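Just one chain is shown here, as structure tokens, and it is the form predicted on its own.
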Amino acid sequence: MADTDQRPRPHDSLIPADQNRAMFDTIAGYYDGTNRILSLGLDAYWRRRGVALLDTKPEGRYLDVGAGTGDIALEILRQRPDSRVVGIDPSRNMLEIGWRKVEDAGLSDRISLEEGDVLNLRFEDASFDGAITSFCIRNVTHRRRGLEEIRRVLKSGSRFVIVELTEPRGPVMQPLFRIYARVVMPLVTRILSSVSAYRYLADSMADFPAPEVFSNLMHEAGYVNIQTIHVTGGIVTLFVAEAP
């Protein structure tokens, strides 16, 4: 079956993996603070919702794809203190911040953050009790392949949760968001960080497939019981699925 997500789009904002890694290496030092401001503090709430949907089990082992600065891994341990988390991310600078957070929290024995590529996971088949990725999947150049790799390492019946920024589609929220993304976001990031990086963020949100299209891609990648949940007016979409 064809990978519908790889069909050319007129304004596809995806950039090569090495450029993406370099971009996140550059903004790593102000990534957390800028996101707090741009999301009006809602990013922590979005992560909590995503982890809650992961339906963690006692002594479970979970994969955090695109772990970045470690916030999702720490949230999993907050909600399920007896679990273990392996986080992967291609950006070493982002991971260095995550390593400090994990060490400061005294959780180095339960959280492992390492450099890794979702398109070529080093883990054995069916080795995780669940997986989650937050604000990451839109940056993956070959999304179906990434989805398939994640499914491969999941145990049968375990959940996979995606927390992703999406452009609202409604007649009110969509124009309001576009004003925010094109006017407010560049002004804030001009002061705090990298305008070009956050312009890419806005573009990648606009270009991300509609929820029904992405859900179909997840189905093609082998997932079952796929659900979509829109929060904050559709600015974030939570995709919840299971490995067969």
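Given the structure is predicted, the values throughout are model-derived calculations rather than measurements. In this text, residue numbers run from 1 along the sequence as written.
Heads up, the form predicted together with a small molecule isn't pictured, but that's what we're talking about next.
Relative to the small molecule in the predicted bound form, residues 52, 62 and 158 are all farther than 4.5 Å at every heavy atom. By the criterion of a heavy atom within 4.5 Å, residue 35 is counted among the residues contacting the small molecule in the predicted bound form. Although the partner is absent here, residue 168 lies well away from the small molecule in the predicted bound form, with no heavy atom inside 4.5 Å.
In the predicted bound form, the small molecule sits within 4.5 Å of a heavy atom belonging to residue 20. In the predicted bound form, the small molecule lies within 4.5 Å of some heavy atom of residue 117. In summary, the region of this chain contacting the small molecule in the predicted bound form, judged by heavy atoms within 4.5 Å and restricted to 128-136, 77-85, 170-178, 102-110, corresponds to 128-136. For the options 147, 94, 162, 154, the one in contact with the small molecule in the predicted bound form, meaning a heavy atom within 4.5 Å, is 94.
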